[in-house]
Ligand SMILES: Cc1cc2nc3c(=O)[nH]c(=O)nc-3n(C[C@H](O)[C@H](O)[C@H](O)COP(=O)(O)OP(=O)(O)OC[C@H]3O[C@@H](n4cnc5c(N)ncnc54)[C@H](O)[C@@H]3O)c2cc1C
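Before any questions on binding or motion, here is one chain by itself as structure tokens, the form predicted on its own.
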């Protein structure tokens, strides 16, 4: 059962909360390992989860570290809506990997195309990388086949839930704000990456409609009966009504089935929804890399609390591709990376597993912007209950505040510093 709590702007010091969450867990000391022949740890994915694991492992010097990441820089999807609507520059969300290079991490700027579990090797276009322990944090893949007609029109319908895709969504938003019409946003059934993001996107686009005098509105076609996850539903709906009124039309229980961009129509089964511009947030799953390696079906099966693969004792899977009840968020992924680093270092040191096993699970903070200067803070804590599984507790602002909007960027800058500073 999920427990829910809500707090108002005076109940907590948001700056203290976000700094503690962003910095405290990141600096957990890893146990020191005796020097000698160092094992090889390969991390696939230079996002929130992969960087959390790398930074924690690098502090001890207990392993030879390799990062396999095709992009030349890290881009924060959290908070990047402020770039998409033209409020902040892209450079604020893009950060190079120089800090990782300075740690002595070998960085391979290529995608991983296969995992050879028998030979313990990650395969890239240029060769093979051997590992003793492997951390997989590859993010998500879009299930394009879930919406008929999408694959043929993907270039015109950017999703924007992966790094660097923000440029395509920004161009789409800019066209809408210049031309007017109906901007359609779809929301899939969970689990998907960053659950509040589609509603946040709708709110900040609606704010720009008012600011720029655009003749148009935003329509949210939600596959769910209310915004997800349930603890945020009432604050989000109330904020949309009070801040944006008729500029947002919310359609619950409208699951996208097919799209025809030429006609400007989305088939939701119960009705067609017309649009002039559309941002379809697709259902998501673990990438093909994991599924072809026998590590995932839709999502990767992992053991909690240490995120070890259920199918391979030398592999840990973190971030949004892991199949757990935890929110698929950057902060949870980062904290999972720190936990995985500690588990790997116990293996390197030959230390026994804790008895009884820990019950704490990675926590996380995220923010749903409602306007450029007001946001709802969402704080999620989780723990394991023996015999029952994970339990989540949400603390959610009952309404958007300036304090939470300011805290969002305090948190973001602290996290980026922890990862890449």
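Residue numbers count along the first chain shown, from 1. Here the structure is a predicted model, which means the values were calculated and not measured.
Omitted from view is the form predicted together with the ligand, to which the following refers.
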Original post:
Of 247, 254, 285, 328, which one comes within 4.5 Å of the ligand in the predicted bound form, counting heavy atoms only?
Top reply: 328
**OP:** Heavy atom within 4.5 Å of the ligand in the predicted bound form: which of 360, 389, 357, 70 fits that? Just give me the one.
**Re:** 70
Subject >> residue 44, heavy atom within 4.5 angstroms of the ligand in the predicted bound form >> reply: yes
**OP:** Give a yes/no on whether residue 365 approaches the ligand to within 4.5 Å in the predicted bound form, heavy atoms considered.
**Re:** yes
Original post:
Should residue 164 be classed as touching the ligand in the predicted bound form when contacts are defined as heavy atoms within 4.5 Å?
Top reply: yes
Original post:
in the predicted bound form, does residue 197 have a heavy atom within 4.5 Å of the ligand?
Top reply: yes
Original post:
Has each of 229, 280 and 400 got a heavy atom lying within 4.5 angstroms of the ligand in the predicted bound form?
Top reply: no
Original post:
Heavy atoms within 4.5 Å of the ligand in the predicted bound form: which stretch among 206 to 214, 136 to 144, 234 to 242, 346 to 354?
Top reply: 136 to 144
Original post:
Is any part of 289 to 311 within 4.5 angstroms of the ligand in the predicted bound form by a non-hydrogen atom, and which residues would that be?
Top reply: 289
